[in-house]
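As a starting point, one isolated chain is supplied in structure tokens, in the form predicted alone.
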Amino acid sequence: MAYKRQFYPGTTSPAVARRRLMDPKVKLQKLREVPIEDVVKLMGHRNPGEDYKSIHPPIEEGSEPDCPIRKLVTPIDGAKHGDRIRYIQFTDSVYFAPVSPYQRAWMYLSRYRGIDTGTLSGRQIIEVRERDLEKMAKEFIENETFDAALTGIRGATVHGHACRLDENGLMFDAWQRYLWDPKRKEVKYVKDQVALPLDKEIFVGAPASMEDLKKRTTIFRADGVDMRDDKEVTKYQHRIHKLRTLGGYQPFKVKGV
């Protein structure tokens, strides 16, 4: 029997949303358009139009020793050119953001190659070769995993994901990288991800309604969809925690669990 890849258990809306994000065959919905020049400015690693900095010669020009793995793996574009590694980091509000940091990690690793990613309390960093990162970052900002009010692009001082939302529904940001524009009724960035002032305002669209967010969030909450309402997910979580505990303290009992 051919192996069928599994993603996540459960029948509730957060469980279904998690499976959608993890499945690379599912095309995520594009909600907005942000020019690549603006994405580059938001990350702040180089100026639009500037050459990519490299850390080694293009692979075709290198003289690496023969390696069977290198023959099996097709390098991503940035690796071919010798690009340096850069990053983008997102902060996701606990108040029904489209996705949470841990699901970002699952999604990134399931959908993309050549990446390194790490999860912290309210934020998720992704590191990859620079020209590949810029394409990925544009996708992240434009698609359904990003909300203008509840997702923040923050490379430093990222705290605030658990603070109350402001009067316009925006997640707290100590550096005020983004602001509400009352005329356009959209969110605009006035600083890049490490809070350096931008030379122009960058608009990332209008926030989604809370009703819409609750329908498509991956977050289980007692005041939304409670994880205890999904027996399959609860069973899965209990098994994971049991295996982690036994694996750390009584590994001889893991077999057959």
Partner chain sequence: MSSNPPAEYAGVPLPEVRITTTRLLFAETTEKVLNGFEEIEHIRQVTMSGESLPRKINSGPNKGLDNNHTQRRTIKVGGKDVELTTLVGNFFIELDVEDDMVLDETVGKIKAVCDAHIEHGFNLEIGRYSKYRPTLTDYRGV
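As the structure is a prediction and not an experimental result, all values here were calculated from the model. Numbering follows the first chain given and starts at 1.
Just so you know, the form predicted together with its partner chain exists too; it's not on screen, but the next bit is about it.
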Open item on the list: Would all three of 75, 83 and 86 be in contact with its partner chain in the predicted bound form, where contact means some heavy atom lies within 4.5 Å?
Closed with: no
Task: One stretch from 103-111, 163-171, 122-130, 139-147 that, in the predicted bound form, holds residues within 4.5 Å of its partner chain by heavy atom - done: 163-171
Task: Heavy atom within 4.5 Å of its partner chain in the predicted bound form - the one residue of 28, 206, 227, 195 that qualifies - done: 195
Task: 4.5 angstroms heavy atom contact with its partner chain in the predicted bound form for residue 159 - done: yes
TODO: Flag residue 41 as yes or no: does it have a non-hydrogen atom within 4.5 angstroms of any non-hydrogen atom of its partner chain in the predicted bound form?
DONE: no
